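Only one chain comes next, encoded as structure tokens, the form predicted alone.
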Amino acid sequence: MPLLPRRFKRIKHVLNRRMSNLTILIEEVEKPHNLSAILRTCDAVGVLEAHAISKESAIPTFNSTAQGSQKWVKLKKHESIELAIGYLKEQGFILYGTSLNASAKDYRLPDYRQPTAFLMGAEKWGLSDSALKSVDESIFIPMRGMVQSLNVSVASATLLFEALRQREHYGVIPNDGEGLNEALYDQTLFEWSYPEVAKWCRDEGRNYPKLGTNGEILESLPRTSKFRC
């Protein structure tokens, strides 16, 4: 079934406001409710891609809390915290880890206009020692009650929306696709518009077809590859 123009317009509107330089790294957050809530927040803020490390036997799952946001926020999985941190640093991200150590800063003080990655730890134990040693800066969310920390999904939302607030305040929030480079924008636009055709192209080792102004595929494809979006 062809993609309806109004659907394509909605997809482009959302993609135009996505940011590739804001992300979150989730270390062994295994509860589906928390993982789903974090990805839903990423979608709401405009994060393009999130990152996760899971135990070998654990496969990330989602529940209704995600509201389908896992389709719009890619979750890149890493084998270890060291590999994940190395990947993010190669991409130029500044890493902020939540911690209650003496050197940690109030989360509202750092400047999140630069490429920013928040590291969030497991529900019970927080970040591992290896993760904490690798962050560029430790931050904390001040508490005024009896408990010392928030649920991991709530803490993630607090940090991500603070980054969004700062970027909006300084006028560096993307609105016309400038948050992604051209190649990444075109790739994501096709994958969001025609996920099944995109998978077929990857399996066949071929480039994605070009799209017209209304989202139509500008190439004749084999009948079996004209999937519903």
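All values derive from a computational prediction rather than experimental measurement. Residue indices: 1-based, along the sequence shown.
Beyond the structure shown, there is the form predicted together with ligand SAM, which is absent from this document and is the topic of what follows.
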Given that the partner is absent here, does Ser80 sit within 4.5 Å of ligand SAM in the predicted complex, heavy atoms only?
no
Hey, in the predicted complex, is Trp72 touching ligand SAM, heavy atoms inside 4.5 Å?
no
In the predicted complex, Thr116 touching ligand SAM (heavy atom, 4.5 Å):
no
Taking heavy atoms only, is Ala84 within 4.5 angstroms of ligand SAM in the predicted complex?
no
For the chain shown here without its partner, which stretch in 87-95, 108-116, 72-80, 125-133 has non-hydrogen atoms within 4.5 angstroms of ligand SAM in the predicted complex?
125-133
Any residue of 126-141 with a heavy atom within 4.5 Å of ligand SAM in the predicted complex counts; write them all down in order.
Gly126, Leu127, Ile139, Phe140, Ile141
